[in-house]
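One chain comes next, on its own, written as structure tokens: the form predicted on its own.
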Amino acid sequence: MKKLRLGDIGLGQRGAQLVKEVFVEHESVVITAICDSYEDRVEDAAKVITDAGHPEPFKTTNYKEVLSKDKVDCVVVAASWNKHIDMTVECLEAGIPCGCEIGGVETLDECFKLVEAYERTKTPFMFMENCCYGRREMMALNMAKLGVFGTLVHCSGGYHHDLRSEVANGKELRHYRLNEYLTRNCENYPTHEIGPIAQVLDINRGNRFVSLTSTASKSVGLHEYILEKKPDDKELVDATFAQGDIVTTVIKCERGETITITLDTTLPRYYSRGFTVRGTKGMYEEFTDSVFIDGEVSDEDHAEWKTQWGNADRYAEKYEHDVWKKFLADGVHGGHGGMDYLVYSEFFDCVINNKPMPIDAYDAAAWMCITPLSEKSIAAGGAPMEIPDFKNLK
């Protein structure tokens, strides 16, 4: 099988991980071009590629040099959040299929820009939300589509991830999150949770987000962390972080469902995405990895809820998604518990076989617009913000 020639733009934490854990071992691609604004990152990635037995790729610090059909068949954009849309649009305009890594956009206009570029060029585009390929997310999706949870009413999730070290050491790591947390107060990373939820609720496929409200807590977690861990960093010790420690966003859907998502990254905690699906006949909850189906637990046992924690494996025997049945049989590999391999396998397969992308430009816009709209809602004291219908723009 002829392999796709892959270009990778952005070789920071995420881009470098993808090269090492997915791309060099993937049977569908060969990396022919790599780019980052830091030359040492380019050289490090090139060494990973050649050490894996592949030819040295074209190397550059100017991403525009990657956008040539003489060099690549498709491109992955894994640069900083504020560069994603401009780079992606340039890929689409060059006629090069693009997989764009996740993150929130800076402005609502960027979402319109992405949709307009896709509609004008029709160049294949996929938003690379790996959590849509999580094992439990896909099992719950399967159960929802089979009607196991009944009529769906509410979903929730969050990005619950202690990032204090990453943010506080942003200068040393050359990581863009530091500036985001210093200057913005918003739901800055919504798609890990909203992506799987959107698929469960048929968003852009007969349903849509209508409006949101967002509220942010005070901001103290990073300041206290820096005082303890980096007391000699005068610049950060005296800095005021705009980003609230906890941001809660409530979304209303056209069919009447509600969604709650939470950004929780600057206080000490365990990692979790908190993925939860609630319906008239049952639920799935990621926090406890538990399924509850109405009628399967007696009224007397409802109070003994802890005994049901961790029972999802029992339901997986019946409701495991076909994608994961095959993945488990073949051997799970790739980053983030296999999710990275699955999402990129889907992208490569769609490019090779000219199939519609499962997470398209309309999905990307609907999910990413939560960031600037939450920022506006917080600034306005939690005021409701209308969410555009990106599939029916006039």
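Numbering starts at 1 and runs along the sequence shown. None of these values were measured; they are calculated from a predicted model.
Form predicted in complex with another copy of the chain: not shown, discussed below.
**Student:** Where does another copy of the chain sit in the predicted bound form: which of 231 to 239, 273 to 281, 126 to 134, 93 to 101, heavy atoms within 4.5 Å?
**Tutor:** Going through the listed ranges, the match is 273 to 281.
**Student:** Identify which of Lys145, Arg269, Arg205, Arg120 has a heavy atom within 4.5 Å of another copy of the chain in the predicted bound form; exactly one of them does.
**Tutor:** By the 4.5 Å heavy-atom cutoff, the listed residue in contact is Arg269.
**Student:** Within 4.5 Å, heavy atoms only, which of Val220, Val210, Leu173, Val323 is in contact with another copy of the chain in the predicted bound form?
**Tutor:** Of the listed residues, the single hit is Val220.
**Student:** Is Phe287 close enough to another copy of the chain in the predicted bound form to count, meaning some heavy atom within 4.5 Å?
**Tutor:** Phe287 belongs to the contact set for another copy of the chain.
**Student:** Answer yes if any heavy atom of Thr107 is within 4.5 Å of a heavy atom of another copy of the chain in the predicted bound form; otherwise answer no.
**Tutor:** Thr107: no, not in contact with another copy of the chain in the predicted bound form.
**Student:** Do Val250 and another copy of the chain share at least one heavy atom pair within 4.5 Å in the predicted bound form?
**Tutor:** Val250: yes, in contact with another copy of the chain in the predicted bound form.
**Student:** Taking another copy of the chain as it sits in the predicted bound form, is Lys71 in contact with it (heavy atom to heavy atom, 4.5 Å or less)?
**Tutor:** No, Lys71 stays farther than 4.5 Å from another copy of the chain in the predicted bound form.
**Student:** Would all three of Val153, Ala216 and Trp305 be in contact with another copy of the chain in the predicted bound form, where contact means some heavy atom lies within 4.5 Å?
**Tutor:** All of them do, each having a heavy atom within 4.5 Å of the partner.
**Student:** Under the 4.5 Å heavy atom criterion, name the residues of 227 to 261 that approach another copy of the chain in the predicted bound form, in sequence order.
**Tutor:** Going through 227 to 261 in order - heavy atoms within 4.5 Å of another copy of the chain in the predicted bound form - the hits are Glu228, Asp245, Ile246, Thr248, Val250, Lys252, Arg255, Gly256, Glu257, Thr258, Thr260.
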